[in-house]
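What follows is one chain in structure tokens, specifically the form predicted on its own.
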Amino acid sequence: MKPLKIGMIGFGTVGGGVAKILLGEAERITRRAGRPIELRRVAVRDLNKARDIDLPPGVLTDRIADIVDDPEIELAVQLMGGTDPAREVMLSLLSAGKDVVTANKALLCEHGAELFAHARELGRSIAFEASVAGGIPIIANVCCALAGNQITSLSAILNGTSNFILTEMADKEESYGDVLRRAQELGYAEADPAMDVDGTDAAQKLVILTLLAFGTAVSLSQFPCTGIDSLELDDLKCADELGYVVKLLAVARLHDGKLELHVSPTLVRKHLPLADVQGAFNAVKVTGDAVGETWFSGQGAGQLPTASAVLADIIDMAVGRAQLTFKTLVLPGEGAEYEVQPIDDIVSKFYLRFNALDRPHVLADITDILGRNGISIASVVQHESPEVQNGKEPPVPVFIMTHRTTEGKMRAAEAELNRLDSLHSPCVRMSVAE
């Protein structure tokens, strides 16, 4: 049968994994795709860079145009990172009559609605399973398996690096800094881990899932995003004492006809499935109006899990499934869109931690500020004061759990609390899952 000839742009960790499986398991891939998959061209920056996989002669090129302008290449696998020049490359591929498979979450977060609409206009398709949650087939399930439902909520662990760090801190009682360094040594975290630990990576993936599940295009500026980089071991210990585990959760749910969105470290009850997600794994809970709760879990990153998702899209393109699915995506303007709930109106219980001087009236000052902002306290925990060190009295951690209140009230209170000279550092705040 006529082979599907593909071109790959970018040949890093994921691209190498895709090529290994394509070349090493050609018979299996051919059987499942219904025809051979031929890796015709791979565009890289440096032709002389050492690689751990040998490609057939003539496959490597340092010119993206060799893929864009090749009429025999029907499908492009775009594995570039970032948004520039990735957006321009994607538009060029679509205009050249090629379907595209991509794993670029940043690109789809910022320009997904535009690119999807442009592809539709040209009669082309984009598949992007690998852009969210690595090897978990969450895109296919949201778009296909749950198509008969109105999805009412998504609650997910979408960043394996953060989940690994939180798991190791809790299990081994080590500091954030020590575990982060180990995560970098193991390859779970980049040399610059900012986008993982500050919540940006999870937020980008939440934007993509929100577009698919609710037909609503949102930007990162429309919802609060907090990472795990301000947490200390004391926070995880206190959560454990209270019966919780800390997870970085990305949440999208319909509330009173509006779309509530947020990404933040969150206290999750120990008996809930999300609390049991360990290490670098991801998990997504999807609730539909007909099916109820459904759960998806697996490796959220890594060469072969992500390559698995890319290959699934390639095979779906080869047999025509991806094209049919892409035609039925409900894009902004094609169905009911939801207004995003204002950040200040988001309601939650909250955990607060203060590093306070052990002096009279400190706790009274804290509770007074909370009370004046309409925030009711559910519980307070203060451990015994530590010993004086080098003539200085170290701050005492004070932990407070609130009743349900709004993000707006909480932010107003925080602004006052962080001006108290009796507190050594800004307070740490986490949501409490319900």
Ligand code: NAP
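Model, not experiment: these values are computed from the prediction. Start at 1 and count along the sequence shown; that's the residue number.
The same protein also exists as the form predicted together with the named molecule; that form is not shown, yet it is the one meant from here on.
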{"property": "The named molecule in the predicted bound form: contacting segment from 367-375, 394-402, 42-50, 25-33, heavy atom within 4.5 Å", "result": "42-50"}
{"property": "Heavy atom within 4.5 Å of the named molecule in the predicted bound form - the one residue of 125, 216, 306, 341 that qualifies", "result": "306"}
{"property": "Among the candidates 223, 188, 354, 350, the residue which, in the predicted bound form, approaches the named molecule to within 4.5 Å (heavy atoms)", "result": "188"}
{"property": "Non-hydrogen atom within 4.5 Å of the named molecule in the predicted bound form for each of 152, 209 and 296", "result": "no"}
{"property": "Residue contact check: residue 137 to the named molecule in the predicted bound form, 4.5 Å heavy atom", "result": "no"}
{"property": "Contact of residue 288 with the named molecule in the predicted bound form (heavy atom, 4.5 Å)", "result": "no"}
{"property": "is_contact(residue 302, the named molecule) in the predicted bound form, heavy atom dist at most 4.5 Å", "result": "yes"}
{"property": "Touches the named molecule in the predicted bound form: residue 105 (any heavy atom, 4.5 Å)", "result": "yes"}
{"property": "Residues of stretch 79-99 in contact with the named molecule in the predicted bound form (4.5 Å, non-hydrogen atom)", "result": "79, 80, 81, 85"}
